[in-house]
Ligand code: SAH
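The data below hold one chain only, encoded as structure tokens and taken in the form predicted on its own.
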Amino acid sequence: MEKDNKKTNNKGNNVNKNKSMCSISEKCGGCQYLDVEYEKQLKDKHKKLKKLLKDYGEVDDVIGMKTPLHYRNKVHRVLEFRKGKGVIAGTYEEKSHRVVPVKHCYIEDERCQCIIDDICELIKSFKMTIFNEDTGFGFMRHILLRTGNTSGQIMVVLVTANGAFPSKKNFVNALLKKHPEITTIVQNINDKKTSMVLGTRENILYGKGFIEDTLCGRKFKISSRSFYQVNPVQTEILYKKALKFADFKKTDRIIDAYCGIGTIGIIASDKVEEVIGVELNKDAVRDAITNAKLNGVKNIKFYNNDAGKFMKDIALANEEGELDKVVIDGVIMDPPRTGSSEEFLEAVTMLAPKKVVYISCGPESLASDLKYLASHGYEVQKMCGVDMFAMTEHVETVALLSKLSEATNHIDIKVDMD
């Protein structure tokens, strides 16, 4: 291979050593490992985890994908108008606000690009203006697509700068004529000067305004703003590994912190006595309640609250001893890439569950949080990497921690946690 100055890409095809599979990879910066053989990607990620987490025990091998391409179920394009070229749909160049046109992506659901191309053509034919960040004028801002892995359903979200949508019925009909496979079309209104893609107001233009997908045998409603893992195939592996590590008992009561739309809590519900989901985002809580009803799960409750404050309030009530003690046997936490705040971690140690299942998408922040928990009475029992983000430098990790001191006996809740 070295003689020919070539290497083999992930499909087994020979490519020039200095030429990427993707023509925009250097500008986009999203797939740092695209041109690295997949087994080597997994080994490199495992090596990174071992180095970062060596103080807390052994890390099992990173669990890879059978087919590590075209897995992303969420596809976003920013729109820009260029003189002589028309409507451009792309992504922001790494560390900038320059738009790089995207015509094909190796990690996105392949069904999406054709729909995006046709939306751009319709925008042109309907003479719609493109939002300009500098001037603040224009109508169309972004295109967002979400797809169901098992259901096959497709949601199209058209992000506009205001609520008016000229000829919306004709636009929708024209899009559906080209793509009858689309399940729902939503207009999201973002009239703020912000880097956030989605606004808070929406109009349903076609369908129910959401799609559904199945994960670990449970059905979930996914709206435009729902947090839902972008790689559902690996999410099943991740959640099964997390719950296997936890080995919860039927008498356990657990808290699903950062619960989002309730995915892992609902999946865990048949293994425990009760699940308490806590989430700060009101829309996510509303979806979580719907998802519990959708699956007929009755032993789960959701609270719209800051998870750290919620847990601290329970711990303080336990200390005061005015009411029967609220025993939480386990906490599942899935914080953002930046990790948890010290206030949250303090609340966990105050609550003192027997087990903590930490699901992390940021190894560096995981190492920092494990250091805190290890210095406050917890010991890491197991760790494993799961490749949720193939072709990128990111890796998901699940860790099980156990309380070193003896756990208290389980007592039924008799305290109002609203």
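None of the values given here were measured: they were computed from a predicted structure. Counting begins at 1, following the sequence as shown.
Separately, the form predicted together with S-adenosyl-L-homocysteine exists; it is not shown, and the next lines address it.
A.B. asks: Heavy atom to heavy atom, is P232 within 4.5 Å of S-adenosyl-L-homocysteine in the predicted bound form?
C.D. replies: Although S-adenosyl-L-homocysteine is absent here, P232 would stay clear of it in the predicted bound form, with no heavy atoms inside 4.5 Å.
A.B. asks: Wondering, does E202 line up within 4.5 Å of S-adenosyl-L-homocysteine in the predicted bound form on heavy atoms?
C.D. replies: Residue-level check for E202: no, no contact with S-adenosyl-L-homocysteine.
A.B. asks: Is L280 part of the interface with S-adenosyl-L-homocysteine in the predicted bound form - any heavy atom within 4.5 Å?
C.D. replies: L280: contacts S-adenosyl-L-homocysteine in the predicted bound form.
A.B. asks: Is there a non-hydrogen atom of F220 within 4.5 angstroms of a non-hydrogen atom of S-adenosyl-L-homocysteine in the predicted bound form?
C.D. replies: Contact with S-adenosyl-L-homocysteine, no.
A.B. asks: Can you confirm whether G90, I116 and F171, the three residues that make up this candidate site, all sit within 4.5 Å of S-adenosyl-L-homocysteine in the predicted bound form, judged by heavy atoms?
C.D. replies: Not a single listed residue reaches S-adenosyl-L-homocysteine in the predicted bound form, so no.
A.B. asks: Want to guess which of 70 to 78, 160 to 168, 181 to 189, 332 to 340 is within 4.5 Å of S-adenosyl-L-homocysteine in the predicted bound form, heavy atoms only?
C.D. replies: Flagged stretch: 332 to 340.
A.B. asks: Select from the listed residues Y106, Y258, F245, F210 the one whose heavy atoms reach within 4.5 Å of S-adenosyl-L-homocysteine in the predicted bound form.
C.D. replies: Exactly one residue meets the criterion: Y258.
A.B. asks: Let me know the one among A307, I266, I328, L145 whose heavy atoms come within 4.5 Å of S-adenosyl-L-homocysteine in the predicted bound form, would you?
C.D. replies: Flagged contact: A307.
A.B. asks: Can you list, in sequence order, the residues from 219 to 240 that come within 4.5 Å of S-adenosyl-L-homocysteine in the predicted bound form, counting heavy atoms only?
C.D. replies: Those in contact are F227, Q229, Y239.
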